[in-house]
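Below you will find one chain, with nothing else, as structure tokens; this is the form predicted alone, and questions on how it binds or moves follow later.
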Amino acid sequence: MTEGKVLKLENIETGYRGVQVLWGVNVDVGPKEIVAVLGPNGAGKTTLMKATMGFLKVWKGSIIFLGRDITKIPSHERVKLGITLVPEGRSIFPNMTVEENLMMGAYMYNIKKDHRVIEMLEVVYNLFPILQERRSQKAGTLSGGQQQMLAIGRALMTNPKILLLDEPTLGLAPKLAGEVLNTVAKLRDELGLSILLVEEKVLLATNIADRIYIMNQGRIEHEFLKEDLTKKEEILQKYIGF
């Protein structure tokens, strides 16, 4: 393990039904770091998230979380260890209330007796006051941006150490997309979370990310720090059509 890394993906290879999608992918996420994986549709970004979460079997390589090899550990055990995914498309329960959706995220805990549930609920409501205002409202009646906030809030109810966000701004207008990604930055700055972000809105993502990987055709083609502006601009010019 590289010292200080929360998550380390080493030479990951995987795919679907014998068709390889990822080829020797290496990605690191450090403490209190937002790492963005950017690339065109079909680059393998969501496949990387599924492999990290344990939804997809890794054919070759290792997933190291806080110094522990979790490559063969099932998804629900990864959640208990502190890894949580907010999937593309949000996947909220539209006929349940906002608060019921949030409580679904706390399924690992004794909701009535574990004080951490109330503490986490307070954290979510502090981050997203609109969710508290609408806690008794059916989730399906929320706007797209509010539903995305709910999906992130539900993930926070698992008390994660690292949050995986797969296309959190998908389908949102630019202003709402900016608000969602500003909230992602708050998760790092105020809660100290590490975040692995897959995002289609390249410029918005690079504004909040500490480190950026460019993925194309199942491989990592570039890695650069936010501070490396010359390299960043050169690469984004090449990949701005994403």
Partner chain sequence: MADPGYLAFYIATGLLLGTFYGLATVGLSFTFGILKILNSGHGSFIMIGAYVSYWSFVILGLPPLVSALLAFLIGFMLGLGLYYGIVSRILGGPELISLVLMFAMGILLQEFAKFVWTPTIRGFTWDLGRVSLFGYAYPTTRIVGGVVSAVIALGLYIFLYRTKVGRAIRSVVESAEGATLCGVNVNRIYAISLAIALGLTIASGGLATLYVSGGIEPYMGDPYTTRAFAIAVLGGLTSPFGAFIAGLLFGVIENLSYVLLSLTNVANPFSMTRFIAFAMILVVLLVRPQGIMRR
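Here the structure is a predicted model, which means the values were calculated and not measured. Numbering follows the first chain given and starts at 1.
Keep in mind that the form predicted together with the partner chain is missing from the display, and what follows is about it.
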Counting any non-hydrogen atom inside 4.5 Å, which residue from Ile92, Val123, Val117, Ile73 sits next to the partner chain in the predicted complex? Ile92
Hey, in the predicted complex, is Ile152 touching the partner chain, heavy atoms inside 4.5 Å? no
Touches the partner chain in the predicted complex: Thr158 (any heavy atom, 4.5 Å): yes
With heavy atoms only and a cut-off of 4.5 Å, decide whether Pro168 touches the partner chain in the predicted complex. no
Is it the case that Ile162, even though its partner is missing from this view, gets within 4.5 Å of the partner chain in the predicted complex, heavy atoms only? no
If you look in the predicted complex, which residues in 131-148 sit within 4.5 Å of the partner chain (heavy atoms)? Lys138
